[in-house]
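Here you get one chain, nothing else, as structure tokens; it is the form predicted on its own.
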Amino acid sequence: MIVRPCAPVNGTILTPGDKSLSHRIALLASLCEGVSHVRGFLRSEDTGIILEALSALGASHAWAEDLLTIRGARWRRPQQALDLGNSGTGMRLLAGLLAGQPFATRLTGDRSLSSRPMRRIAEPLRLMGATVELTEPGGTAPLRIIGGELRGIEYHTPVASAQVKSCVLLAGLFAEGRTRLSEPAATRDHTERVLRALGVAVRNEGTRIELDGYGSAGPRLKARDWTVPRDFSSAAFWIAMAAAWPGARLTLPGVGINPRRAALLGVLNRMGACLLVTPEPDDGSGEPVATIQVEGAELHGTEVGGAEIPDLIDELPLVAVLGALAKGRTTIRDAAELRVKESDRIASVVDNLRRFGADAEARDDGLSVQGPVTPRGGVGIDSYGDHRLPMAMSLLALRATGPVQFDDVGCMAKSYPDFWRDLRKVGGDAG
């Protein structure tokens, strides 16, 4: 893909459905009694893999234009290993539900997923009574789970991870007794919201969450209709693109602004962005939704770290890019978790920033970048097989001194397959 410099983007963007919510709704709808109807479900490589895995477990699905129907079922042992591709969310959440099933399942993934840490979910699942076999010495996938006969536990997660939390809570549905979980910092609460919408009593108090298990039979959940808000992490690329580009104007309706997901808005406000966030009526999903309007402005650098990192983890590459375009220094700290994403996002982001001519420095738990930079044209960008990197680097490419070559953009199908099409709709030059 070649991206060429152009005038400031302008128009309206309809981003795809929320990936995190799509995962959770699909997983739980597959266990419900009856048929769930889902509008706005993200159609991507990642979610398609989850739907196929659920089909192998006995739940069926069908599409009618943009409406997804999922028919729940009592899960059965799959005939072969479940291949989760590149979906870390899918593997970790599915592992929690499989821990409560009375059969053995093998979970595999691609090379990237097979390098990501899985001991963080194996430990609590073993404490609950499941058998979890990992690939050693790294403690990674492929993994094998023998489930059934779980008991509730009290567990403190060593890392602030919504995936670990969700894994434990979903296993807790099939446990005897109460599951209590505490986190070092509050993380995304999509799983808790979906569970509550299905009638499960999930209780929160600060960073402590608990639920009462339903035993080995599991909960009797009733199917319902869902509308998935538009994905904030996808909208974030457009929000950042317009915010740092004087003359740009973009409107993004129907975007989910869950406080555990939308921390980028606060960072942009600190940097001097011009944003207008207008709440929309509650659609029953349990998630807040808004229209976001953005006008471009000159931004200044900032520092992010501490408690805001879990709510900002997917947008940190964008914060780094914004730092390259802003006046002054931008620093990201307390974000060592970036090292174990689809790529080592500290190293890969710094490498690509430097290709554009930015003064960027990697640190053990983050990075720093000095701006503003006039992005160099005539360079090649390495996606590192990480779907978020080419989208983040497009902000710089559109304002570069010449065309920029992007390699391996197929990875973007994981979360936003129509990104380049949408870019062209609002005046971007990519092809």
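It should be emphasised that the depicted structure is a prediction, and the values quoted were computed from it without experimental measurement. Quick note: we count residues from 1 along the sequence shown, nothing fancier.
Below, we refer to the form predicted in complex with ligand S3P, which is not included among the displayed structures.
Only one segment in the set 201 to 209, 89 to 97, 174 to 182, 236 to 244 has residues whose heavy atoms sit within 4.5 Å of ligand S3P in the predicted complex; it is 89 to 97. At least one heavy atom of S20 is located within 4.5 Å of ligand S3P in the predicted complex. Using a 4.5 angstroms limit between non-hydrogen atoms, D314 touches ligand S3P in the predicted complex. At a distance threshold of 4.5 angstroms between non-hydrogen atoms, L318 is out of contact with ligand S3P in the predicted complex. Interface residue remark: T331 is not counted as part of the site for ligand S3P in the predicted complex, having no heavy atom within 4.5 Å. Comment: ligand S3P is not present in this chain, but in the predicted complex one of S348, S285, Q163, T105 has a heavy atom within 4.5 Å of it, namely Q163. Contacts between stretch 22 to 36 and ligand S3P, counted in the predicted complex as any heavy atom lying within 4.5 Å, involve R24 alone.
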